[in-house]
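Only one chain comes next, encoded as structure tokens, the form predicted on its own.
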Amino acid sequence: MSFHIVVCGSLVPDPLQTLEPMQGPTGPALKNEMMLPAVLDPWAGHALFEAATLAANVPGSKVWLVSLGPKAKLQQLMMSIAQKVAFDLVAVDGPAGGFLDAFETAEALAGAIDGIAGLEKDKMLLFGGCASSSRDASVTMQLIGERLGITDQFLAVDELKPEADGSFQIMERIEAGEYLVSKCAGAPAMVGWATGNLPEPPNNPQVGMQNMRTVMPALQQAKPAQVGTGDVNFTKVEVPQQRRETKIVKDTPVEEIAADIVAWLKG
């Protein structure tokens, strides 16, 4: 039993940069957002690496990466991740800011997935991050799954083990550092990945050249998507202010220290 694995993942601003929110002409945005260097969303990266490893271990499987973002920024991103693992790119031209509406984002991505030539829905595994370092609504993957008719959904997954009969075992994070272990009879299914178990693959120039044969045509054929902030109205956006108050004490009982901390938090 082979799998058709569709990974939803896009770019986010490099977290090492200073991100300053502001009110733009169409709603909230980041200052100089188009000038900020971009990286693949970390959770989406885990999903992509897990998908590529699964496809390599299950003969006949294939991986698609569906990305929503400005074409120019997506092209820059592909130059860095195309050498990691093999995939076919499906690009959607649109904004990729941190204030986008999850419903509109899911609608655009589900439409792009529906248009993938050769995709067999009965073999499909829909992969993505369980969250995002940009638009962390934590519902986008579920909404995409529902639009595609996928009702078997798993979130915060760290491990997926396929079986010979096409079924697979999934480990989902739950509270107290424990896992919920489930067995799914087979595709289709939606898997929202946490950190997984795999490191970032090293660069492979041969994989990069193979991917770029399809990346550039995909970017040129990317259809525009009308994605925005929906009906949400932001009255104010700002970076949380850092606050530090230091108090040096000596030979103070633990109970008093705890009481001081509680009083500080209440204040």
Partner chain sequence: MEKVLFIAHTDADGNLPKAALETLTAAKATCGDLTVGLIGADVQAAADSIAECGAEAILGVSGDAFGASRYSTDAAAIEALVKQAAPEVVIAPNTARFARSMPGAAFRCGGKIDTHITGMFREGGKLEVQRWYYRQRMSATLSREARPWFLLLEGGLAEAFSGAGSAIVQTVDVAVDNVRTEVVGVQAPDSDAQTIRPEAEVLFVAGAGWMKKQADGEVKIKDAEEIILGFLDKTQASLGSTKSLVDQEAEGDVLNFMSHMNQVGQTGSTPRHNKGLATCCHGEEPHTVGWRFINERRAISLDANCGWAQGKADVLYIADAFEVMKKVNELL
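Since this is a predicted model, take the numbers as computed values, not measurements. Rigid core (definition): largest C-alpha set, two forms, superposition within 1.5 Å. Residue numbers count along the first chain shown, from 1.
The next section is about a form of this same protein that is not shown, the form predicted in complex with the partner chain.
Trainee: Is Q23 a contact residue for the partner chain in the predicted complex, using a 4.5 Å heavy atom cut-off?
Mentor: Answer no; every heavy atom of Q23 is more than 4.5 Å from the partner chain in the predicted complex.
Trainee: Can you check whether E172 is within 4.5 Å of the partner chain in the predicted complex, heavy atom basis?
Mentor: Close contact exists here: in the predicted complex, E172 approaches the partner chain to within 4.5 Å, heavy atoms only.
Trainee: Is L30 close enough to touch the partner chain in the predicted complex, meaning at least one heavy atom pair within 4.5 Å?
Mentor: Yes, contact at 4.5 Å.
Trainee: Whether F154 contacts the partner chain in the predicted complex should be assessed with a 4.5 Å heavy atom distance threshold; does it?
Mentor: Result yes; F154 sits at the interface with the partner chain in the predicted complex.
Trainee: Within 86-120, which residues come within 4.5 Å of the partner chain in the predicted complex, counting heavy atoms only?
Mentor: Contacts from 86-120: G97, G98, F99, D101, F103.
Trainee: Classify L16 as shifted (yes) or not shifted (no) between this form and the one not shown, where shifted means its C-alpha moves by 2 Å or more with the rigid core superposed.
Mentor: The answer is no, as the C-alpha of L16 shifts between this form and the one not shown by less than 2 Å after core alignment.
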